[in-house]
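Take a look at this one chain, the form predicted alone, written out in structure tokens.
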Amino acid sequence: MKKIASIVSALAFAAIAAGVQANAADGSSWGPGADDANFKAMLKSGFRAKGIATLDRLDQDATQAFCSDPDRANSKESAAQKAKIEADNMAAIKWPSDGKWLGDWKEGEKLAQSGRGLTSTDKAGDVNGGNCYNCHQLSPKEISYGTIGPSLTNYARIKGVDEEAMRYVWGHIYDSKAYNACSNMPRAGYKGILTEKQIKDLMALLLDPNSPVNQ
């Protein structure tokens, strides 16, 4: 009986898969045709605007659209397009207006541990957090932290604090997709999530020898 049930399940799955492929072939909203107008309309119908969270969040720019198709983004044929996207993002980075890289690491720590901002329950005037803790370990003393991104403990000791290191850190915080088109890291500066001052404070958290990151 178990063998029969397994065969039935396999056939059912195959039928569903065939149906999805058939729909994709005839231009419907699934499979390779998932970027068509019907799919986009269906997607927007599943969301509603509330507070500062509006439907324009569903509008993708060229970088986001490229990375929403992982097969294309990771293909050899798209290597040149990926390189151009990274170059375009690199060109859009705004470096410190006064030439100074570091702010206050204590403010940076508060910012890194704050996930506030950009949600429907936040107000337009609320200060956005960096949300860094969700993806990175920030201090050797932390026992609970995100692991999507690498640990940042002892960052300054490992990476150094010369001009090249400063530019690298700033660039990643401002627009990580300048280095990896499909990076999971938010484009904090490019998208206006963080201010120049806030980026400087995060820089200090990572690079100041007195910050908890480097203890």
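What you see is a predicted model, and the numbers here were worked out from it, not measured in a lab. Numbering starts at 1 and runs along the sequence shown.
Another form, the form predicted together with heme C, is not on view; read the next lines as being about it.
Asker: Any of the heavy atoms of residue 148 lying within 4.5 Å of heme C in the predicted complex?
Answerer: Answer yes; at least one heavy atom of residue 148 falls within 4.5 Å of heme C in the predicted complex.
Asker: At the 4.5 Å heavy atom threshold, is residue 82 in contact with heme C in the predicted complex?
Answerer: Residue-level check for residue 82: no, no contact with heme C.
Asker: Can residue 169 be called a contact residue for heme C in the predicted complex at 4.5 Å between heavy atoms?
Answerer: Residue 169: yes, in contact with heme C in the predicted complex.
Asker: So, in the predicted complex, is residue 62 in contact with heme C at a 4.5 angstroms heavy atom limit?
Answerer: Although heme C is absent here, residue 62 would stay clear of it in the predicted complex, with no heavy atoms inside 4.5 Å.
Asker: Which residue, 73, 87, 135, 127, has a heavy atom that falls within 4.5 Å of heme C in the predicted complex?
Answerer: Partner contact (heavy atom, 4.5 Å) among the options: 135.
Asker: Of 50 to 58, 64 to 72, 172 to 180, 36 to 44, which is the one stretch near heme C in the predicted complex, taking non-hydrogen atoms within 4.5 angstroms as near?
Answerer: In the other structure, the partner sits against 172 to 180.
Asker: 95, 156 and 161: each with a heavy atom within 4.5 Å of heme C in the predicted complex?
Answerer: The answer is no: none of the three residues contacts the partner (heavy atom, 4.5 Å cut-off).
Asker: Within 182 to 211, which residues come within 4.5 Å of heme C in the predicted complex, counting heavy atoms only?
Answerer: Sequence-ordered list: 183, 184, 185, 186, 194, 202, 206.
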